[in-house]
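One chain comes next, on its own, written as structure tokens: the form predicted on its own.
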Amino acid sequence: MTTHEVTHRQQFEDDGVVCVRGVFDAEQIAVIRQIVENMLTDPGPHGQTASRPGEPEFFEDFCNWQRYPELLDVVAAAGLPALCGELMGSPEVRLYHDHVLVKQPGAQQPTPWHQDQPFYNGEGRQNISAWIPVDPVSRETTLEFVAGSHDDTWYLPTTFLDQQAKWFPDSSLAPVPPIDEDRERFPVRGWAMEPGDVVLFHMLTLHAAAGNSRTIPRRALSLRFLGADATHAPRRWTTSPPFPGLEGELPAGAPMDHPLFPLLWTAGH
């Protein structure tokens, strides 16, 4: 392991987030950019708009890797699964799901402070979300994180647009702290980024983003990865994204060994 890899892993362990520069080359980013554009023009069944009618669009889509098998090829060629395995300390890395997020120029809908894992149907500490912009991202419009918030505290997940609790029942989990009301109290991290850079963060790390005040889109692909300790946790509600029928094939507490979650990397191979 190189000095840079040791530094990245220590930062991930301490802060729950690390920015790694130049993971993808220009050709690989071009492939990802085209996939993102394809999803905009031909959304999958989970495509949705997270902005109000009449406003510049904040678009999301989920779980399209099977439609675009070249995505897994380019991710593997860039070495991202191996990097995630090193950061997680896991001997294997599975794809959990892909997620496209596009804020068109002038889209002022913020991404509110939240964690990823409470939206999901999984348990375990070995996990990573990778945020991969295909446009230059300014410090003002980038993802921000609360360093060290990836402890075992789960906060109540709510919808982005109207802050409704559709998953865990209201009051069953603590509300997200009012970070924007007193930012000096919280160790907020964020980076201006270029295409090819990747932010990697634990699924319990609190994160948010402002609207897109720039004149160019803010298009990004987020990939969620699971390590060896991840297990299935069926919910009484529809998760985001949903995996209908999975509870009939994968019992509660079972490893996430299923064709929906392809194995991308194992140690020593």
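Note that this is a predicted model, so its numbers are computed, not measured. Position 1 is the first residue in the sequence shown; the rest follow in order.
Although not depicted, the form predicted in complex with a small molecule is the subject of the following passage.
Taking Ile35, Leu204, Ile29, Ala209 one by one, only a single residue has any non-hydrogen atom within 4.5 Å of the small molecule in the predicted complex, and it is Ala209. Between 183-191, 73-81, 103-111, 86-94, the stretch whose residues reach within 4.5 angstroms of the small molecule in the predicted complex through a non-hydrogen atom is 103-111. Contact here is defined as any heavy atom lying within 4.5 Å of the small molecule in the predicted complex, and by that definition each of Asp116, Arg218 and Ser222 is a contact residue.
In the predicted complex, none of the heavy atoms of Val134 sits within 4.5 Å of a heavy atom of the small molecule.
In the predicted complex, the small molecule sits within 4.5 Å of a heavy atom of Phe58. Contact annotation: Leu143 falls within 4.5 Å of the small molecule in the predicted complex, judged by heavy atom distances.
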